[in-house]
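There is one chain below, alone, in structure tokens, taken in the form predicted alone.
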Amino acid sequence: MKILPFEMERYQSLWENIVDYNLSESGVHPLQLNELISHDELARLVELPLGYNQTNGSAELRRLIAGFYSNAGKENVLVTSGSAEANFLNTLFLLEPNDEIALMLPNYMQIWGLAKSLGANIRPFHLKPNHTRWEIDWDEFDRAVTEKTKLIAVCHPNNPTGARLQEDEIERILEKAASVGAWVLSDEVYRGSERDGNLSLSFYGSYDRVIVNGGLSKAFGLPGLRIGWVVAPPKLVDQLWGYKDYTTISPNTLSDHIAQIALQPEKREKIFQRTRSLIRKNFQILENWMGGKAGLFQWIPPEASAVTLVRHRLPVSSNDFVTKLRDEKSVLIVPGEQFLMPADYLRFGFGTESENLTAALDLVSEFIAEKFEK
């Protein structure tokens, strides 16, 4: 099997640490270790032996992760190296050549690239803008899911739109999956980053073929820990664990212990409050900026996460726009083409520190004025 290049990840990896202002990131400004743990907790970490960790994640960490979902126990959890490894393991295990996958687009393109590399038949269904929110094209969804469908994959809350699914929409997806016996894989790494403060409903718990992936990278603001997870039926978790033996083997020992602190219910809620506060503050900055560019940009405000997909009316493709912006103003934005969207879409990440966001948007305004408003 030859794996296709993951264009967006490579694009970000090449440039995000070089530019002055990174608006390509989809999470929030990360927490510092001294913001997360006490001196006593730090002292205990210093004495921790740096041996191999339990390969499926410590029992305590799995218990805490399970507590984030209804009717889940530690036997339902496999700890992974970020949600990216969770996506990788699930896709590799579930799909074989010619299997059908119904895939929500736009989406973080990892599952798309892996499914294509595996020779699966990808049947997309799209989120489409509908006045105040992005909604599933249900006619396309019904066509995408057939008697041959092995897997239905969604991203909820969604990257790159920031949309989240309502209860009736989740039920409709699950009912369709049950009617054909398909698995549902829900990437829920942005759960906890809702702008209105209401935790998004999880797919987990109401259908016996649901797999949920999550992690500490986005809503928790702890991407450097590289802690993710799969929540699924115990038999599937055990099978995925067998695949993990061939990849990262075990979670990082330090990260496992720090994650146990972050996932304590009281600490978890404080982290979410921080995330949502930053998102609300920066949303106002972005909304005001967009309001001054009404003739150039059209958007549907995100319901969750620190990303939004914006349509522009500039006489240039998004790829060309972001390349010139990066080279001339040292600001990084993701072009919509990397999500298989038309060439007039851009993904803005607005989870950075507020002063950085303001400075970056000022440079984007300056660039537009210089190039397109003469």
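In this text, residue numbers run from 1 along the sequence as written. These numbers were taken from a predicted model, which means no experiment stands behind them.
Only in words, not in the display: the form predicted together with a small molecule, which the text now covers.
With the partner omitted from this view, the residue of 308, 56, 26, 318 that lies near the small molecule in the predicted complex is 26 [heavy atom within 4.5 Å].
Comment: the small molecule is not present in this chain, but in the predicted complex one of 209, 172, 226, 293 has a heavy atom within 4.5 Å of it, namely 226. Of the candidate stretches 67-75, 262-270, 248-256, 210-218, only 210-218 has residues whose heavy atoms lie within 4.5 Å of the small molecule in the predicted complex. In the predicted complex, residue 87 approaches the small molecule with a heavy atom inside 4.5 Å.
Within this chain, residue 82 lines the site of the small molecule in the predicted complex, having a heavy atom no more than 4.5 Å away.
In the predicted complex, the small molecule sits within 4.5 Å of a heavy atom belonging to residue 108. Among residues of the shown chain, residue 155 is one whose heavy atoms approach the small molecule to within 4.5 Å in the predicted complex.
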